[in-house]
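One chain is shown next in structure tokens, namely the form predicted on its own.
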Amino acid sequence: MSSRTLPLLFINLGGEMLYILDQRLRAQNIPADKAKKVSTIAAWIEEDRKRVMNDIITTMFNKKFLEELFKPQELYSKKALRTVFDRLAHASIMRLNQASMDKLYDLMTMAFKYQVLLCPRPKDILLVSFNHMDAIKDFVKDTPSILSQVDETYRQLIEMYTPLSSGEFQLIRQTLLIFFQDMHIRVSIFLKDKVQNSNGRFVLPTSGSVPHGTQVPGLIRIFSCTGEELTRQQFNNGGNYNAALREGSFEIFGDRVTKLGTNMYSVSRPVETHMSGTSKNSAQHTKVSAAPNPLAKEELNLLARLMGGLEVEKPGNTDSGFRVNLFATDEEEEEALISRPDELSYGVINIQATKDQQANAELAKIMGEFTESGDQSPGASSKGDDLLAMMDGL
């Protein structure tokens, strides 16, 4: 397991989240001159969309938060990472209910999983990250203060990852695939493009460009002990491959060459996630892996306490924010919430715990057990605390 994987996972998932939210906000957007005639809370204007995107990106690229993020550390658990993105998605006036948040996270994770699987070389994961960063930079191009935060993250990515060897990038790729291995959510955009099967597994192509610096398979050359080429033998490689014309740029500005990590929602088409049929088998598999951890609730409660200081609009006040629906209708959203398997829905922690004395006492007890445990290493009990605590001051 690589200790350098978390920043790439966070930035790429965050980029996918911003693509989806931008597409949904634009779909619900109405012209400003007509906004006064619309009384519903779902009516967005362009300024609202920009505010939401700016608020989320500001939180995502907060300097102190990124300092902790880039420290070598193990990946968070799936539930802990989901909690971070739940808080991030609600860092502005926008509101998502449980079903829409579940769908948002499914789309984020499956999109990035597909991109990792399709990377010709492990190092190309960094190019995918730069594609996400380029798009994020375009979202805030009119806001210099946020733009400087994004540029600083570019520099940190280049400084940390460009010196790494191919073996280290392979370890990062393996760590990401282990994280995603039990996720087989069917997504309509992938099903329609025939890159995903009905069981939620992706179809890997047998065509396209080979990794930069390699040759198209199909030729065997035999050399003598002196290095002289003796014979050549061709064979059928079983696909339709071509040589890579050039390598993508690993600088702040440049052509990334690969399209992996770009915004696939820029072309307007509906995107759905499906949990019915054969994909329920993966849900059962997930239940097996999720059930044995008796400290899962304590871990999430601790995360809630650590992140409880983040200033977020209270969702109970419908006048203070806008509600975004990732489904075509409210009925579809309610149906998805009811039909989704419990083991695939991450419980939303009530962040009101900071004002509840009984909850505070329970959390203090849990934190005390962590620090008093004699068989844990000092680093293990506080894993992730520094990074998540950074969100308190954002």
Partner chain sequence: MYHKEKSIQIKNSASALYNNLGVLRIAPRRLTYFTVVHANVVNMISASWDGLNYSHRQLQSKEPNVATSTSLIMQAAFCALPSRDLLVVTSQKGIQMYESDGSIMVYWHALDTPETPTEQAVFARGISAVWENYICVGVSSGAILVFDVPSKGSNITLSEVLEEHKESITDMASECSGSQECIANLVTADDEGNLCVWKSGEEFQLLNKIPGFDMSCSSVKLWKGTVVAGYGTGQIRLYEAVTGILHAEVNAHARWIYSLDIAPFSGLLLSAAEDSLVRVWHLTMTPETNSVEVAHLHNECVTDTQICGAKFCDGDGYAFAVTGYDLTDPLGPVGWEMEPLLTSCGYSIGLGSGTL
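What you see is a predicted model, and the numbers here were worked out from it, not measured in a lab. Residue numbers count along the first chain shown, from 1.
Another form exists, predicted in complex with the partner chain; not displayed. Remarks below refer to it.
Participant: So which of 246-254, 87-95, 160-168, 137-145 is the stretch with heavy atoms within 4.5 Å of the partner chain in the predicted complex?
Facilitator: Among the listed stretches, the partner-contacting one is 160-168.
Participant: Would Thr258 sit within 4.5 Å of the partner chain in the predicted complex, counting heavy atoms only?
Facilitator: Taking the distances in the predicted complex, the answer for Thr258 is no, it never comes within 4.5 Å of the partner chain.
Participant: Does at least one non-hydrogen atom of Glu74 fall within 4.5 angstroms of the partner chain in the predicted complex?
Facilitator: Yes, Glu74 is a contact residue.
Participant: Determine whether any heavy atom of Met264 comes within 4.5 Å of a heavy atom of the partner chain in the predicted complex, and answer yes or no.
Facilitator: Flag for Met264 set to no.
Participant: Can you tell me if Arg155 lies within 4.5 angstroms of the partner chain in the predicted complex, counting non-hydrogen atoms only?
Facilitator: Arg155: no contact with the partner chain in the predicted complex.
Participant: Between 216-250 and the partner chain in the predicted complex, list the residues on our side with a heavy atom within 4.5 Å.
Facilitator: Val216, Pro217, Gly218, Leu219, Ile220, Arg221, Ile222, Phe223, Ser224, Cys225, Gln233, Phe235, Asn236, Asn237, Gly238, Tyr241 sit within 4.5 Å of the partner.
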